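A single chain comes next, written as structure tokens; it is the form predicted on its own.
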């Protein structure tokens, strides 16, 4: 199938993005919106391309975080063209997103705005405790990643509000991480995923589950899970009982393997 007829323009100034009319949508890499329009799941009168806006194409390094412009591509992160505040985690995660053709065009902001529960950046950025900077008619605001996605393909973005950047805290070289996802074949979205971050230097620990029937889930008592006082199976069962998920097996296994990866880093 092909998309219904629509107009197309390229934004020349970031201020244009807060004044879109009804039926107009932003587009950057078009790796998610395009297929949905082709399937007639989404329609738009006009697409406004934001992929070349300089303000959204930069990755700026600050003293305690890196700010990724929303239009930075997966491939640019994979190829090391941007700073990596996670000492290689973001680079490795980017390299496992779909296929290279998708990574060449797909953007970090577009992935979050699409909010597919199984997407890599959705769970990886949750594991990294990122913040999302939003700009709209009422100005700029920042939202913690775990509060940004509210459900499948649903976010806190308001009308004419867009993602400007993603802020990822810097971690010391001693920090260790693990990320595991289950998928039927390379390039597919995950059926279950989990991340683990161990930052002993700053006393920061995080375990999170992704590819759920809703937003990613940050698990309580992460240090107990990491140290083994709370087993992965019990941790997942307690956390997912609220979501009424019938089977926990793949999520338990994903968390176990992410834990193994993170702990292996501590032993190196």
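Positions refer to the first chain, counted from 1. Just so it is clear, the model here is predicted, and its values are computed rather than measured.
We do not show the form predicted in complex with a small molecule, though everything after this point is about it.
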Options 94-102, 136-144, 192-200, 78-86; stretch whose heavy atom lies within 4.5 Å of the small molecule in the predicted complex: 94-102
74, 110 and 163: each with a heavy atom within 4.5 Å of the small molecule in the predicted complex? yes
Residue 28: touches the small molecule in the predicted complex, heavy atom cutoff 4.5 angstroms: yes
Look up in the predicted complex whether residue 130 has a non-hydrogen atom within 4.5 angstroms of the small molecule, and give yes or no. no
Contact flag, residue 149 vs the small molecule in the predicted complex, heavy atom cut 4.5 Å: no
How about residue 226 - does it come within 4.5 Å of the small molecule in the predicted complex, if we only consider non-hydrogen atoms? no
Which of these residues, 66, 239, 33, 53, gets a heavy atom within 4.5 Å of the small molecule in the predicted complex? 33
